[in-house]
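Only one chain is given next, in structure tokens, and it is the form predicted alone.
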């Protein structure tokens, strides 16, 4: 009897050792496959973030020795009126991206499913702005907004109104660039929503039609709820992209006039590469990262609670 018990224990131990070996081989295999991506992520994402945080505690011009100053850059930052102006402008970009670009992209995607002749041509025309270079777009719209010879002011004159100094007036410069941003990036969200709509089964709409649902009811009870994951993803992309916006604003106005179109990205660039205040620029960059991180986490938490409650 004791011999049988010993044999069973031996066999059990052998099975456990074999299972551990299999699990170890799986772990090693997974690690080998994920190591390249992990290394790239650590080198090009995590390390720059930590370096930026480190530099923000120094006074440094980018070439000479760094001087540790603690939180002085952050104290100066929160008393900097230009920074708060840039943060406010970034907030307007976020609001425009979420509440104008995303709904417009959804409308454009819905139009692509409409029974309209030549819809493929519309699809190409809609997506064309997103394919263009940002520099080309910026220069194109600078000429279009020209206060004298620009086509927009010529149209305004034709309608009987006076010229508007779109990019040189503090009251209109930000609005003008936001119009360009909407025109450029709405096609991107159109493609996202179009891809999501293709995945919605036709049988759902057929069942709704049998029950007597009209087009609006099908949209609000079928299309819109099934697009919620895409809306959440698009919102995260829009918010993060808006917080780190730089190129189109710098090309069209350089942050002017009188910082009316200044963003955190353009202000950071000026501090780093014009004023050579790398420590202060790093503080701005890290604040941008924190804001984007916090907003993204909030969106994910809200979406998780929505799914948990069973809401669409």
Partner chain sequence: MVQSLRKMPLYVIGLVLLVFTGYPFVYMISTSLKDQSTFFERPFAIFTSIEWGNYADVFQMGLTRYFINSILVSVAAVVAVMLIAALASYPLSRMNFRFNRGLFLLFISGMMLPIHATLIPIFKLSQNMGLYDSLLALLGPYIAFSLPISIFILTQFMQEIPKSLEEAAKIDGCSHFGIFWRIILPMLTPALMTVFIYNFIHLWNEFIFALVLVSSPENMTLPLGLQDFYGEFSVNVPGLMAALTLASLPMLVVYLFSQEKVVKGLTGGAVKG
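Numbering follows the first chain given and starts at 1. Note that the rigid core is defined as the largest set of C-alphas that superpose within 1.5 Å between two forms. Since we're looking at a predicted model, the values are computed, not measured.
Although it is not shown, the form predicted in complex with the partner chain is what the next lines describe.
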Exercise. In the predicted bound form, which of the listed residues (91, 165, 104, 82) lies with a heavy atom within 4.5 Å of the partner chain?
Worked result: 104
Seminar exercise, completed: Answer key: of 179, 98, 197, 208, within 4.5 Å of the partner chain in the predicted bound form (heavy atoms) is 179
Exercise. Taking 4.5 angstroms as the cut-off for heavy atoms, does residue 57 touch the partner chain in the predicted bound form?
Worked result: no
Exercise. Even though the partner chain is not shown here, does residue 123 get within 4.5 Å of it in the predicted bound form, heavy atoms only?
Worked result: yes
Exercise. Can you check whether residue 48 is within 4.5 Å of the partner chain in the predicted bound form, heavy atom basis?
Worked result: yes
For this session: Report whether the minimum heavy atom distance between residue 68 and the partner chain in the predicted bound form is within 4.5 Å.
Result: no
For this session: Spot the stretch among 218-226, 82-90, 109-117, 197-205 with residues whose non-hydrogen atoms come within 4.5 Å of the partner chain in the predicted bound form.
Result: 109-117
For this session: For the stretch 271-298, return the residues whose heavy atoms include at least one within 4.5 Å of the partner chain in the predicted bound form, in the order they occur.
Result: 272, 273, 278, 281, 282, 285, 288, 289, 292, 293, 296
Problem set entry | Flag for residue 255, CA shift 2 Å or larger between the shown form and the other one after aligning core | no
Exercise. After a core superposition, would you say residue 73 shifts its C-alpha by at least 2 Å between the shown form and the other one?
Worked result: yes
